[in-house]
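Here we start with a single chain on its own, the form predicted alone, put down as C-alpha cells.
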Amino acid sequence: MNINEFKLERFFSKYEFSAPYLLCSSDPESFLIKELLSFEEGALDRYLNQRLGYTETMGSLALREQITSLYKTIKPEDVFVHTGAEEGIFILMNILFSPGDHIIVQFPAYQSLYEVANSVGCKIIRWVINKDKDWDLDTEFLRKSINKNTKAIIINSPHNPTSYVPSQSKFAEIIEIARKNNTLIIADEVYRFLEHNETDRIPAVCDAYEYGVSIGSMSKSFALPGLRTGWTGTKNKTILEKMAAFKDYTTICTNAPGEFLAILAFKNKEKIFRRNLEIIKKNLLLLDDFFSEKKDLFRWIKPKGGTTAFPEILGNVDIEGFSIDLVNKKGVFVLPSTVYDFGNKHFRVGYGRKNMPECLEKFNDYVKNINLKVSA
C-alpha cells in the first residue's frame, strides 16, 4: 500500500508530548481510570477480575448494546466495534472503494477521511466549507459534483477543525441529494453530543438514511482516547460482514479492559457529557473575550460544537512559521492550517482541556511581545 504521509499526525508528534501548553488539543480533558471506576460501586473489583482473553471480532454484545443507546433505530447487530475511529475509517475505505470511484469530502478534513480512499485510487472532490458564511456547506456544489461514479459523500459533524454543525434543513438536503443517486453517506460523528446548544444536534446519519454509515468513538465526546475504542453503525449488513473479514488482517479484536471501561462509561454517559460541556462552555467564554479584544489581529467564528475552532490570522503572516516560533518561545502549541492543506492563515485551537486558560494566557503574552501588526 502506498499512502501519503499523515501531515497532521506527523506535525503533532513533534510537540504533543513535549510542549507544556497544548492550545490545539482535539479531545476534552481525559478521565483517570479511578474516576471511571468510581462511577459504580464494585466496579474496581470487577475490573481486576476481568479476563484478558480474546474478545469478539464485532465487539462484545454488552458493549454493542450500550452503543445503540446513542441511536434511534440501530440495533446491536448493526454495530461493529474497532480500535478507535481510525481503524474503522481505514477498513471502511478499503472494503468500499475501488480505483476510479468518485468521493466527495467535506473539506478541510481529518486526512484519513480522504487519504485512504486516495491511496486506493479514488478521485477525491473537496467540498470546501465557506468561511465567509460561518463555515457553511454549499449544497448546490454537491448537486453539481455528484455523478454516476460517486461512491460516497463524507461529512463530519460537529466538524474538526471548525466546529461547524449543519442546520437540520441542510442535513436533510444532503440526504435528499444522496438518496436520488443511491450514494453512501459516511459521517464522522465522534463529536456528537458535544453540540454547545443541544437543539443544534442533527440526527445520526445511520438513523436518518438507509445508505448511511456513522463512525463513533470514545475519544472525543467521552474524553477517553486512551481506550482506543470506536465503532461503526449501519444497517448495511454487507458492509459489516466485509469489515469483519478485513479486521482479521488488522487488530482481529478489541481489548478486553477497554471494552469493560467503555461499557462503564456508556452507563454514565450523561454525567460524562455534562462534565465535558461544562469545561467547554467555560473555556469558550474566555476565547470569545480574547478574540473580541484581538479582532484587529484575528478573525474568529464562534464554534457551535465539539472542542476545536479555526481562527484566521490577519495580514501578511505565515501561520506555520508563527506556530513553530510560538511553541519554541512560549511552549504553546497551535496547529497550523498547512497540515490540513487549507492555506497558510488559519490555526486550530482546542478548548476542551482544563488548562486552556493558562495556555491562552501564554498565547496572549506571545502575541503582545512580538507586537503583531496587520495591514489595514
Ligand SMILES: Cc1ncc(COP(=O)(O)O)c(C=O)c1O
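Predicted model only: the values in this text are computed from it and were never measured. Throughout, we count residues from 1 along the sequence that is shown.
Beyond the structure shown, there is the form predicted together with this ligand, which is absent from this document and is the topic of what follows.
Contact annotation for the candidate site: 84, 160 and 219 all lie close to this ligand in the model of the complex (heavy atom within 4.5 Å). Just one listed stretch, out of 273-281, 144-152, 235-243, 190-198, contacts this ligand in the model of the complex at the 4.5 Å heavy atom level, and that stretch is 190-198. A residue is said to contact a partner when one of its heavy atoms sits within 4.5 Å of a partner heavy atom; residue 89 meets this definition for this ligand in the model of the complex. Interface residue remark: residue 183 is not counted as part of the site for this ligand in the model of the complex, having no heavy atom within 4.5 Å. Within 4.5 Å of any heavy atom of this ligand in the model of the complex lies no heavy atom of residue 338.
Among heavy atoms of residue 135, none comes within 4.5 Å of this ligand in the model of the complex. The partner is absent here; in the model of the complex, the one residue of 171, 110, 97, 211 having a heavy atom within 4.5 Å of this ligand is 110.
Contacts between 1-36 and this ligand, taken as any heavy atom within 4.5 Å in the model of the complex, involve only 26.
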